[in-house]
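Before any questions on binding or motion, here is one chain by itself as structure tokens, the form predicted alone.
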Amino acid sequence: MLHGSYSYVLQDGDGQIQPTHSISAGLDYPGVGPEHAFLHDTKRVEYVAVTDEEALAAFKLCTRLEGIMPALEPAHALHQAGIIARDLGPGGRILVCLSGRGDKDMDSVDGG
């Protein structure tokens, strides 16, 4: 239990909450909300890890190729979408919601 709700959290072997770090402020939290936990338990979603470096590369590629500067949170999803697209091949389709604006993340991008 973290902040009053049951969910999945990053914890050590003793059950203590582990500190986190992400270049994306919106992802710098040691747990997920109860809805995400439910979706995971019912096998409706799969969550994967994406590094800050991979997210930054996806941010820069999207900005350069599409002229769209995504926020850093969906930049993590863009990285994974690129992997899935490669596996699907030319006829595959993927939808990624680009919530937020990347211009507010420029201090993190320039420093990352």
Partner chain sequence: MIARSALTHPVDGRFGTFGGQYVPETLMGALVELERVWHETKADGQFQLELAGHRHAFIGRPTPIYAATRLAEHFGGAHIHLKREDLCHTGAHKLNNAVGQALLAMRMGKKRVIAETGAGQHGVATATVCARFGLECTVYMGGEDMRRQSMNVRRMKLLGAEVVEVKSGTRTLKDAISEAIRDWVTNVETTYYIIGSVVGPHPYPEMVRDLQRVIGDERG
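Residue numbers count along the first chain shown, from 1. All of these numbers come straight from a predicted model, not from anything done at the bench. Take the two forms, superpose them, and find the largest set of C-alpha atoms that agree within 1.5 Å; that set is the rigid core.
Beyond the structure shown, there is the form predicted together with its partner chain, which is absent from this document and is the topic of what follows.
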With the partner left out of view, is residue 62 within 4.5 angstroms of its partner chain in the predicted complex by any non-hydrogen atom? yes
Q. In the predicted complex, does residue 56 have a heavy atom within 4.5 Å of its partner chain?
A. no
Tell me, yes or no, whether residue 35 is in contact with its partner chain in the predicted complex, where a contact means a heavy atom of each within 4.5 Å.
-> yes
Heavy atoms within 4.5 Å of its partner chain in the predicted complex: does residue 41 have any?
yes
### Query
Superposing on the rigid core, do we see a C-alpha displacement of 2 Å or more at residue 89 between the shown form and the other one?
no
Relative to the superposed rigid core, does residue 11 relocate between the shown form and the other one - that is, does its Cα move 2 Å or more? yes
